[in-house]
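First, one chain by itself: the form predicted alone, in structure tokens.
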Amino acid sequence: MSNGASRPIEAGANESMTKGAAKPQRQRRGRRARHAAIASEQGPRAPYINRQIAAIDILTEEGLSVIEANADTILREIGMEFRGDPELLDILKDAGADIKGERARFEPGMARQIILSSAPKSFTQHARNPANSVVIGGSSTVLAPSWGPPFVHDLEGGRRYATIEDFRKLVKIHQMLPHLHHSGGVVCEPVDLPANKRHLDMLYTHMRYSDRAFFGALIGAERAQHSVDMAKILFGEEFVAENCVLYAVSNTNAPLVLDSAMSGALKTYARNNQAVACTPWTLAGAMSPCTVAGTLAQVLAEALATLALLQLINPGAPCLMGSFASTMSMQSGAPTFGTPEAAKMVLASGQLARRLGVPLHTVGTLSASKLPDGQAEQEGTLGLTMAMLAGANFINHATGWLEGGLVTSYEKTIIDADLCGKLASFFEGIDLSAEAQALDAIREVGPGSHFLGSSHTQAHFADAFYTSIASDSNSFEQWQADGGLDAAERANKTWKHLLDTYQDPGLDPAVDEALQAYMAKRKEEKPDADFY
């Protein structure tokens, strides 16, 4: 796809192009460089969003009580299966659950009481750069990039399988984006590495090329333990023993199953006092009922059972109630995103998590679109905005997600990051300081004049309004003279600029050497395999 740089300029659009062309060309290059540089020059970067706007309550007290009662009914009458790990069933049995085979049933209120008695309302996940540590809970929101796609897409390369080089590039780009707060986890799946070992390279990449907080590996106890071991090398054993430095998600296999791959990681992280978001993963109509109320009851039931298990393993371990609840096309069976039903589910999940007294983990700019186009941004904007209005404390997939989670898009990463910045600015609320009230400026200007030259405007011209890294607000003629680029083409230039200007946070050579030695030892222990 053309980047638009060679598009012809219409006659008369910019008469200066016909004479003295060198100066306008230099000016255009300068404008483009300044525009691209905005992404990394937004001023001091906040480590997370401190929301000043209240979350939306979509359910009444009566509605919340109905959903909670239905979740209790599900856990009492149907129960939840914990497959492949007898130890977990023994833990639940000792706590009073009714165990038959691999299925556990809970008396009404049992799981909730376990959670309320010990789960923290908020906690800090520490980054190796303390300035980038994130608070998870209360009024804070942490934004993390796309997770899990096996493909990547950019305008030149198109859709292709992701590699470890793509993974490194994305981690570097995320490090440079001021409106992301977290390095994330599987920002794309590097399929050029053995499936049973690539988690080591991904963990190392986050540790080496970013100084933000990051995820541990999610699948299985062994990989979770590798994550803990590498974190101990990076932070020190004593620090890891006393602090949360890893973030993980334990997805249920809806409906009403937690398998050993997920529970094995959950158990490892809980015992090491690291954070786990207990997250039912549902597509309404396929993995949960095709109604919002039915899906919410199932989501809450699965979250209650999983969170209770985690707290029984290690009372006080940091945890979140997660919700990945979207819809499906009743015509094709394909997942759909950015729907009004999904919006209702995330808003209600926020209320349910607040009632439970734990932070909320959810998802952001999800889209089924194949390209970073209007559909992608319509769906993604609704998803991320609703997650913020739900009071979410951790939002995964805040940038880059396309094709129902199969693709991480370089260009959508930039466009979504701009949306993250706009929402961060919006959720700061309204500044009511004396300076912001601007009465002196109104007195100075008086009736019938303008504020363009006022001292107040001059003092605040650089920070009065959010500066977009993706939009073009110039005149048609100026836009055309600058190449006539659309949003994706501008984003293409921006991510390349971020890579070119990437600032390496560095890593202590001794720590780097120890991490690489650990990786090499683990890789030697087993042959390569193309399966998990």
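Owing to the predicted nature of the structure, the values given are computational and were not obtained by experimental measurement. One rule holds for the numbers: they count along the sequence shown, beginning at 1.
The discussion below concerns the form predicted together with another copy of the chain, not included here.
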Even though the partner isn't displayed, in the predicted complex is K100 close enough to another copy of the chain, meaning a heavy atom within 4.5 Å? no
Look up in the predicted complex whether R354 has a non-hydrogen atom within 4.5 angstroms of another copy of the chain, and give yes or no. no
Is Y502 close to another copy of the chain in the predicted complex, meaning a heavy atom pair under 4.5 Å apart or at it? no
In the predicted complex, does D431 come within 4.5 Å of another copy of the chain, counting heavy atoms only? yes
Option from 325-333, 223-231, 125-133, 261-269 whose residues, in the predicted complex, bring a heavy atom within 4.5 Å of another copy of the chain: 325-333
Heavy atom within 4.5 Å of another copy of the chain in the predicted complex: which of G137, P194, G285, P178? G285
Could you spot which one of V245, V171, M386, A144 gets a heavy atom to within 4.5 Å of another copy of the chain in the predicted complex? M386
Taking another copy of the chain in the predicted complex, which residues of 376-402 have any heavy atom within 4.5 Å of it? E377, Q378, E379, T381, L382, T385, M386, L389
